[in-house]
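This document starts with one chain, in the form predicted on its own, laid out as structure tokens.
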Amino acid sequence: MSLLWEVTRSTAMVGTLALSAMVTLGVLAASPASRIPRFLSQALHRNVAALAVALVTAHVVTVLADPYVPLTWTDGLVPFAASYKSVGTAIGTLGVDVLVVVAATSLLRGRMTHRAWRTVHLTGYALWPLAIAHGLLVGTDNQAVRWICLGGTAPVLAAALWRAGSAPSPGAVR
């Protein structure tokens, strides 16, 4: 196995866990019932998001640099352009596109209205299931990928259920 393959595989797996942590922290940070100070939970969410972006970027670069799978930069940015495992690759490409948009708007947050930023930022929730589906459809180390995806799914679902259960009732004053 080549070094590029090992880096591709490891950045995919650790990146999936980082994306799961990012979503979990985002859900918890936005919860009105969170006991963690908002500035702390949001800072942790932003730092984990930066790590996830770095890992996904490294994953894409190494996939495209590895001659084993014939993918081009267009394949990495345009969904359904790749012939290799076209559906799974397209899902991953779409996830990268969402990640780029959410990361860019997060960097430009101070120049946007809160409503516009929040609208775009909420599309980030689509990123996580895209990453999970991409891993399950394209991942070549199926047993490890399944465990990584399952391990990442548990905290995201737990946070979503906790947040749904702790949401204020309609008409409640915050």
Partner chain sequence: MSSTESRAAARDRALRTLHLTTGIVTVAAMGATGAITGALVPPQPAAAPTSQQSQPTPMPLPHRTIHVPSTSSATAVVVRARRNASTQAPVATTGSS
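In this text the structure is predicted, and so the values were computed from the model without any measurement. Only the largest set of C-alpha atoms that superpose within 1.5 Å between the two forms is called the rigid core. Residue numbers count along the first chain shown, from 1.
Omitted here: the form predicted in complex with the partner chain. The next part is about that form.
Segment that reaches the partner chain in the predicted complex - one of 103-111, 131-139, 34-42, 61-69, heavy atoms within 4.5 Å: Only one stretch passes the 4.5 Å heavy-atom test: 34-42.
Contact check for 24, 28 and 154 against the partner chain in the predicted complex, heavy atom at 4.5 Å: No: none of 24, 28 and 154 comes within 4.5 Å of the partner chain in the predicted complex.
Among the candidates 120, 149, 55, 127, the residue which, in the predicted complex, approaches the partner chain to within 4.5 Å (heavy atoms): Looking at the other structure, the residue within range turns out to be 55.
Residue 116 within 4.5 Å of the partner chain in the predicted complex, heavy atoms: Residue 116: no, not in contact with the partner chain in the predicted complex.
Touches the partner chain in the predicted complex: residue 14 (any heavy atom, 4.5 Å): Heavy-atom contact with the partner chain at 4.5 Å: present for residue 14.
Cα displacement of residue 66 between this form and the one not shown reaching 2 Å, rigid core superposed: Result for residue 66: no, shift under 2 Å.
Core-superposed C-alpha of residue 113 shifting 2 Å or more between this form and the one not shown: Where the cores coincide, residue 113 shows only a C-alpha shift between this form and the one not shown that is less than 2 Å.
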